[in-house]
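The chain below stands alone and is given as structure tokens, in the form predicted alone.
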Amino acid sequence: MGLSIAEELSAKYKRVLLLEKNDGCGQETSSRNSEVIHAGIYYPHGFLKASLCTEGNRLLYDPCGKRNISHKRTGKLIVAVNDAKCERLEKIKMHAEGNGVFDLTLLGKKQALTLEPEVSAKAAIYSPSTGIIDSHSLMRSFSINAEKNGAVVALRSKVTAIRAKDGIDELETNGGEYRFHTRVVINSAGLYSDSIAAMAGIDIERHGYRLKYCKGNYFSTSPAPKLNHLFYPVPPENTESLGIHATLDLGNRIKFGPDSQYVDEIEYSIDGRRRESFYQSIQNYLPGIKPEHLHTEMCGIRPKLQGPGEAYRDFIIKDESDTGYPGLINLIGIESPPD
């Protein structure tokens, strides 16, 4: 998100600086995900997550074509494997329409099997506007355009202190290697956005800005089924996960995930022992999959505002002027969208 903000602002303002602590941009939440262009089906009505997802879906395909960013409108099936799940499909469709998603179609068993013969389903919802994208090319496009506009992208620049005085912030990077002044700070630090907010002086506990790390693991499969669409099970109710689903990449490789595993630290190892839980979920809608077909693939970590069993939280996108921090705009809990 920081790169897209830099591109947008650099087209209107001079002296835009983007700080990135890693060797390259977007190496964490922005790239460690399913690379899906979501439709906005499941979010609670009235949430920023819902409105930004549905609007973003409509806005993203056109610039991808103009910028030659690899993408594909694959479509998605939400599959019901028993009568109880079938009853929920109509509710999901009605909820999606409340979010402005009006292109969903309910399919019977024969229609679903015509689209995907290897999938076991009694009924399904078809979402034609769901797709996949090369997230790395998208980020490079934002970065290139921002720098063409005059923005500076500073890699290996970790913010280590923020000091505010008279509406001007002094930012320090790498323990004092560089210091500079700015009137506006946009905190789009992903997994570390709560730390940056605290560094600026925000009481993150009182404001509810403390992040919880939720790891999502992925497994690939070999041999792989022949699929043309993304596949999601009807999600379990009252959980933080949509269930383990099947996604395609632009090379037609299939991976399954993510699952949901709250962790205390940011690290990207994958526990192969989770294979059994993946298999138990996948075989419900792809009965041809065997446990030995599954192999560890990758994982990502989502910066969630809610912990296990807690109420669902929306994105925080807030100008902090009214909390006594003029010029600070916080973007916190910006996790990869799940639907």
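Numbering starts at 1 and runs along the sequence shown. Small disclaimer: the values here were computed from a predicted structure and weren't measured.
Keep in mind the form predicted together with a small molecule is missing from the figure; the text below concerns it.
Novice: Could you tell me if all three of 28, 34 and 192 have a heavy atom no more than 4.5 Å from the small molecule in the predicted bound form?
Specialist: Every residue of the candidate spot has a heavy atom within 4.5 Å of the small molecule in the predicted bound form.
Novice: When the contact criterion is heavy atoms within 4.5 Å, does residue 41 count as touching the small molecule in the predicted bound form?
Specialist: Residue-level check for residue 41: no, no contact with the small molecule.
Novice: Please determine whether residue 318 contacts the small molecule in the predicted bound form, using a 4.5 Å cut-off between heavy atoms.
Specialist: Close contact is absent here: in the predicted bound form, residue 318 is far from the small molecule, nothing within 4.5 Å, heavy atoms only.
Novice: Please determine whether residue 126 contacts the small molecule in the predicted bound form, using a 4.5 Å cut-off between heavy atoms.
Specialist: Close contact is absent here: in the predicted bound form, residue 126 is far from the small molecule, nothing within 4.5 Å, heavy atoms only.
Novice: Just to confirm, residue 213 within 4.5 Å of the small molecule in the predicted bound form by heavy atoms?
Specialist: Heavy-atom contact with the small molecule at 4.5 Å: absent for residue 213.
Novice: Which of these stretches, 110-118, 184-192, 97-105, 84-92, has heavy atoms within 4.5 Å of the small molecule in the predicted bound form?
Specialist: Of the options given, it is 184-192.
Novice: Of 242, 159, 164, 204, which residue is found within 4.5 angstroms of the small molecule in the predicted bound form when only non-hydrogen atoms are counted?
Specialist: Exactly one residue meets the criterion: 159.
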